[in-house]
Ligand SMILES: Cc1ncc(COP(=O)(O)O)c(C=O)c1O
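Heads up, the chain below is alone and in the form predicted on its own; it's given as structure tokens.
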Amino acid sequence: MTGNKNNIYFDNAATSWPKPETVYHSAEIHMRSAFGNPGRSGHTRTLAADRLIYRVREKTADFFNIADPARIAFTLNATDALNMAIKGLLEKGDHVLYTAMEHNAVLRPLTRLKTEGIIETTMIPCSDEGDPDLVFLENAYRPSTRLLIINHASNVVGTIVPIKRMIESAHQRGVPALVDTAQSAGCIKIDIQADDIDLLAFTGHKSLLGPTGTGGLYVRPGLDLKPLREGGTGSQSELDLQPENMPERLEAGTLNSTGLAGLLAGIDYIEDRGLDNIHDQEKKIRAYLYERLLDIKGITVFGPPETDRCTCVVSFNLGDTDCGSLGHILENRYGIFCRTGLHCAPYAHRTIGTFPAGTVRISPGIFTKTDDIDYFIKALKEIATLTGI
């Protein structure tokens, strides 16, 4: 617990805070009044829960321009969705392409399958600003390539990659693409149909402004995945095997309907404010933050300077100061909450030259004000002076 009275939250890339008041209210109302288990009975409480899940599925489908809401399976988070996609699609002998900016939610499942001798992998190198080498990609496909995995926006430096161009490259070879939108869903327009996305993993608790324990996986029609989990679905209970139809194919067990009620309110809030308006606001905040950081002696800022190429994420180091120590000072002396270290993306840090120490990551959100940035910059300048940088 910080001893400072301030409460400046700069860790929205980990989970967004605060949430809109409607998110808190919707989750609470659902827990208090709509307590039925969706799909598990015929009484009114269950039917109310069913209707809620259907509304969230429709809302999410509309948000991503998905034609059939049933192609969305709700998950615990993006990590859960990525595991579903990777382990549900790949077979022995398959080859996978992925970028150097991937999160451990991709790296670890791939490494497990590779270590067990099931798949082979090739990492697409990226520039020190996080841009994938598209020439390398063009030459990396094999006859056995079964999947291209793309981190839409880096959780370390915020770089947004050209998913449409990369997906087109994959589709020319008959390879499906899995897009990780953990850092982009809710702050950048994502169009399943326009970008021809095959598999899309998203989380509800970041820029979609919902509670933790929510997320989803979109699976395009015609693409079949083995279920990661099997069990009760409330439908076709006479079957010994998991149903073939979506979303029951991938949704086993009781859904987090309370969390999904909050997620519905989060998406409603984004649509009311306008996604483009939110993106413009976050671009202005990032530009202001980036510019002010460069005024500090001894600071190194990572990632693209151009705001249009990034989400609202900035990583930096201050001289030789240990980033973990700097984060501790920011919280305990100034009441500023941020993320330090490797951010679960070791190869991203190798790419930008900050491995193994990592960086300090600042990720403002939609409720961040320029006054918050000013206070943060003042704190950094004081720390730089005290440490003799």
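Everything numeric here is computed off the predicted structure, so don't read it as measured data. Residues carry their position along the shown sequence, with the first being 1.
What follows is about the form predicted in complex with the ligand, which we do not show.
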Using heavy atoms only and a 4.5 Å cut-off, determine which of T99, S257, N155, S315 is in contact with the ligand in the predicted complex. N155
N77, Q281, T233, T307: which sits within 4.5 Å of the ligand in the predicted complex by any heavy atom? N77
Non-hydrogen atoms within 4.5 angstroms of the ligand in the predicted complex: do H103, N151 and A182 all have one? yes
I'd like to know whether V23 contacts the ligand in the predicted complex, with contact meaning heavy atoms within 4.5 angstroms. no
In the predicted complex, is there a heavy atom of the ligand that lies within 4.5 Å of any heavy atom of S207, even though the partner is absent here? no
How about L380: is it within 4.5 Å of the ligand in the predicted complex, going by heavy atoms? no
Find out whether any non-hydrogen atom of L82 is located within 4.5 angstroms of the ligand in the predicted complex, and reply yes or no. yes
Within 4.5 angstroms, counting heavy atoms, which one of the listed stretches 182-190, 258-266, 282-290, 124-132 is next to the ligand in the predicted complex? 182-190
